[in-house]
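Take a look at this single chain in structure tokens; it is the form predicted on its own.
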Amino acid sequence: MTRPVALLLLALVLGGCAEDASERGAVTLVFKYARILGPADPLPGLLREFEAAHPRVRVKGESLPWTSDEQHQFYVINLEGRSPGFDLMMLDVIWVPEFARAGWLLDLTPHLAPGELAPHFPSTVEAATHDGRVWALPWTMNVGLLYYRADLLAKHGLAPPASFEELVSQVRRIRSAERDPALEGYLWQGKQYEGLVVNVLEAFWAGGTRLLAEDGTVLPEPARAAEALDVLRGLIEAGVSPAWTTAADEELSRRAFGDGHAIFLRNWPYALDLFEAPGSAVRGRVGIAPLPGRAGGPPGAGSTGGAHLGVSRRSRHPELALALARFLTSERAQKAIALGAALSPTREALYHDAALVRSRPSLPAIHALARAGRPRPVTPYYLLLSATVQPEFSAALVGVKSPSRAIADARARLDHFLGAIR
């Protein structure tokens, strides 16, 4: 081999080594998240901003499957297989205890400064906590709301109903006066899925009971639980809610209300942006209020939801992944997401931020309602609870079982399943 050729080969080898070393010095973080809906998706810009502040880091955003069930299945398959394929995860709030118990999440407790989570809604911090440890950072907030036709209530001299009893009375009064056969009363989600469980939980709370007691007892007050189910079934039987409620999800019920065909609706905050969009049949005619309680009982409360960010315990770069989670849950990032997407922040101060309120005038009202919201049971077994009670609740709504029988059967099944795994 001639000397020039040898020198050329050596240069190529050294150049390759230098390039490899450079590549080895760079870090790629993989962030799994569901696509953000809204007028603009601010997330790609936020990820580039994080990269600019961390020159040796590249963030690869990867979309999750569309539905919550598919997302959960994706995570379980990959995390049980000990895949190190992603560093940061967008999690439905109800999954955090399950993933923590399975050993899939980094315990964030030692990394948190005193008071670091204080700016967030207490219910979001509660949902991120399991066994006294914090496993995720709150990112987006959701809460169940009562939507009402403000024009119709004003026309008939009515204030938003504080109880189911008032709601039924108002529906009958307005429909009798309006004489519109296409005008429905109260729309909510009665299809057999997670949305049904949320609606039933809200009815439980209105009736002064719950699905899971602090000591782990399921349906601790069966008579009150059956009464709450009976109230929901009664709405359908009386025609206050349409018969198709038992097939209704968020979008089916939202579209019917948004077309001007209902007086009341239970749904999430995202719907308000759509009701106020140009061309909406109900634009400027919709108000929001707390969900109804029961006459003489506690005030109504909406179920909270949303998303948290968790760091994979198998991440090769846990400190950088946590830094990314902190950045995305920061006030600046949450404000950008609230401005660009139909999502609400977990940081309470943002509900009174002047720029945000100009863009979304309903935020102060949503803040008060979210403050009063309640999380679903914070337990590693929540999905088991939900999957077990869904068919029982549905059976009561469609009239296959009495509410008391449905509650008794749900208790028996849950006691059996939970006894086997605890």
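It should be emphasised that the depicted structure is a prediction, and the values quoted were computed from it without experimental measurement. The first residue of the shown sequence is 1; numbering continues from there.
The next section is about a form of this same protein that is not shown, the form predicted in complex with ligand GLC.
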Examine Gly305 and determine whether its closest non-hydrogen atom to ligand GLC in the predicted complex is within 4.5 angstroms. yes
With heavy atoms only and a cut-off of 4.5 Å, decide whether Asn142 touches ligand GLC in the predicted complex. yes
Residue-level question: is Gly310 within 4.5 Å of ligand GLC in the predicted complex, judged on heavy atoms? no
Should Ser68 be classed as touching ligand GLC in the predicted complex when contacts are defined as heavy atoms within 4.5 Å? yes
When ligand GLC is placed as it is in the predicted complex, which of 290 to 298, 176 to 184, 85 to 93, 158 to 166 ends up with heavy atoms within 4.5 Å of it? 85 to 93
Report the residue, out of Phe204, Phe327, Phe275, Tyr193, that has at least one non-hydrogen atom within 4.5 angstroms of ligand GLC in the predicted complex. Tyr193
Please pick, from Glu348, Glu250, Glu227, Glu221, the one residue with any non-hydrogen atom lying within 4.5 angstroms of ligand GLC in the predicted complex. Glu250
Any residue of 361 to 379 with a heavy atom within 4.5 Å of ligand GLC in the predicted complex counts; write them all down in order. Arg376
